[in-house]
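In structure tokens, one chain follows: the form predicted alone.
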């Protein structure tokens, strides 16, 4: 706790004073560029990764960046998604998985979460991911490669789950919203985005092109 308290003092003394005007403008409301859905893992810092400022990124964090299908759990996940799309009018939603994901490791080894009933139950929303890996990639036995594949497949599964949310489906249908699947490899800083034309995750630097300020959207998956 002492480290956290010292961090607050340093923030107030240094960063806040430097960006005081920015923080004052936030009183007027928020207009985020995107909804960023990622894992609760402490090693993931969405704002640092995307170099965004306060007010520019609406963030939802869950174990394994899992998005329960609409109606399965009318809780914080559904409310956050609905508010981002219907009230804040975000133009992009990113579902971002990451390397060495503990939730996905638990999905592959159910015995490791046997003593955590809440975690075990929540991972049921990624059951499709587990089945895809188990039934379609039985030949892949290397643990590290199998986990990486699971992280990637889970991003795609959760994107499909995201589409079951009415606000998302309607906005996508109108052309007002784009969905993106990313995987962040934090040990190298690389970010991979799913390219539907090649049906694989590719380095974001090879897919994204520079955008002008008037084009504030990301390349669709």
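Here the structure is a predicted model, which is why all the values come from computation and not from measurement. Residue numbers count along the first chain shown, from 1.
Separately, the form predicted in complex with another copy of the chain exists; it is not shown, and the next lines address it.
_Contact of residue 34 with another copy of the chain in the predicted bound form (heavy atom, 4.5 Å)_ = Close contact exists here: in the predicted bound form, residue 34 approaches another copy of the chain to within 4.5 Å, heavy atoms only.
_Please determine whether residue 94 contacts another copy of the chain in the predicted bound form, using a 4.5 Å cut-off between heavy atoms._
Yes, residue 94 is a contact residue.
*Looking in the predicted bound form, any heavy atom of residue 124 within 4.5 Å of another copy of the chain?*
Result yes; residue 124 sits at the interface with another copy of the chain in the predicted bound form.
*Should residue 142 be classed as touching another copy of the chain in the predicted bound form when contacts are defined as heavy atoms within 4.5 Å?*
Close contact is absent here: in the predicted bound form, residue 142 is far from another copy of the chain, nothing within 4.5 Å, heavy atoms only.
*Any residue of 176-204 with a heavy atom within 4.5 Å of another copy of the chain in the predicted bound form counts; write them all down in order.*
Read in sequence order, the residues that approach another copy of the chain (within 4.5 Å, in the predicted bound form) are 180, 182, 184, 186, 187, 188, 189, 190, 191, 194, 199, 204.
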